[in-house]
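Form predicted on its own, single chain, as structure tokens, below.
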Amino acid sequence: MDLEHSLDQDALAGVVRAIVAGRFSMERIRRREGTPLVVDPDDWAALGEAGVFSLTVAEDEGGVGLGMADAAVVFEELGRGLVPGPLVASHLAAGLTDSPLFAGAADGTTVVGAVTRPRMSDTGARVPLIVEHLASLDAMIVVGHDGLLSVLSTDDLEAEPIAHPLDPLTPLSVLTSLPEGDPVGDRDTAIRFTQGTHILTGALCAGMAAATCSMAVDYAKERQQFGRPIGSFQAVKHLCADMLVRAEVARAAVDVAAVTADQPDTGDTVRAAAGAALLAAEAAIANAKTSIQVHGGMGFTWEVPVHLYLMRARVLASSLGPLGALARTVAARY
């Protein structure tokens, strides 16, 4: 198992970084804060044209024909740039051929979301069914109680938007009902979908953890206190060092999971994917909070975008389900 990024992967990351810088600058995406249509169709199509959604689709099916390890490199860059939208679901939908609703997922002309059908809470209360970016979706993948997948057209859904979502770049809606939908694939398809969700969401979180670490370090080098950069103080050094460790551990866990998905004979893919998602989500949240602390009083204002990383990290972590369940999955498979 080789965890070193190849020259081709470094070049791939560079291409995605250039796309993010050109189309998803922080100033540009923040203009859509609080709007129901955060996903711009032209930007989404540009991601599709660059192959973001067709990376793991076989070449004979019109895709790029790369592996999950390459996709993880790309999604880490997307996370670093805080690119909004249902990136993971649309990428995974491009590899599903069971429904015509997925036809445009690979080239970015169709936006696909995902949701898990909720169970009743321990108290017997109905759990709200919350969907991200509903106004932008053309189709939605539903993970059922049995773990199997189905697909719905969003034209069949009724929902109420949430006025003030946690992340202003992730509009949320509460569905009033969730039809059964059309079945997609078999149980193996559903398992691969869940593993892919864990790995690629983990990659987004790992990129975010690295970004907030870099933001804190850059600020610590520039901010002067008592005539010295605050980065020269031991307490701030320790905070930044801890952030770097968390980001690197998260990235390594995601890389291991992605390589294991490509080479399943090298390890337990389910365990590796769940562990990567758990470590990366925790790193993204912890690093965003620490970066806010390093930024001091500025970190608690709307002028510094670190808070957007914290809120996105919370949303992504929630999309994975209870993190304790991921931890139990890892523990149970040792």
Partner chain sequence: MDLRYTAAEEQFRTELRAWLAETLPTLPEKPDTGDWAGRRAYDTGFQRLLFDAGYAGVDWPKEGGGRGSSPVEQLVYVEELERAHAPYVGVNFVGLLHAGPTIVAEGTPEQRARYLPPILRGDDVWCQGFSEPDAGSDLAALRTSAVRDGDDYIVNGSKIWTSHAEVADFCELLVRTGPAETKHKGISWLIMDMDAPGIEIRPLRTIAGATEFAELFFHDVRVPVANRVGQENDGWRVTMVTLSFERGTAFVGELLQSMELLHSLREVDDADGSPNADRIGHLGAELDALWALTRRNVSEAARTGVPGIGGSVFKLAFSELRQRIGELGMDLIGRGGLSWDELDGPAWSRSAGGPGNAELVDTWVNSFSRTIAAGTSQIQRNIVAERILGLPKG
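Quick caveat, the model's predicted, so the values are computed rather than measured. Positions refer to the first chain, counted from 1.
In what follows, reference is made to the form predicted together with its partner chain, a form of this protein that is not presented.
Residue 231 belongs to the set of residues with a heavy atom inside 4.5 Å of its partner chain in the predicted bound form. Put simply, residue 14 is far from its partner chain in the predicted bound form: not one heavy atom of it is within 4.5 Å. With a 4.5 Å cutoff on heavy atoms, residue 260 counts as touching its partner chain in the predicted bound form. Remark: residue 251 counts among the residues lining its partner chain in the predicted bound form, judged by a heavy atom distance of 4.5 Å or less. Stretch 235-243 is the answer when you ask which of 94-102, 107-115, 235-243, 195-203 has residues with heavy atoms within 4.5 Å of its partner chain in the predicted bound form.
Out of the listed residues 211, 256, 88, 169, 256 is the one that sits within 4.5 Å of its partner chain in the predicted bound form by at least one heavy atom.
Residues 278, 279, 282 of 278-309 are found to place at least one heavy atom within 4.5 Å of its partner chain in the predicted bound form.
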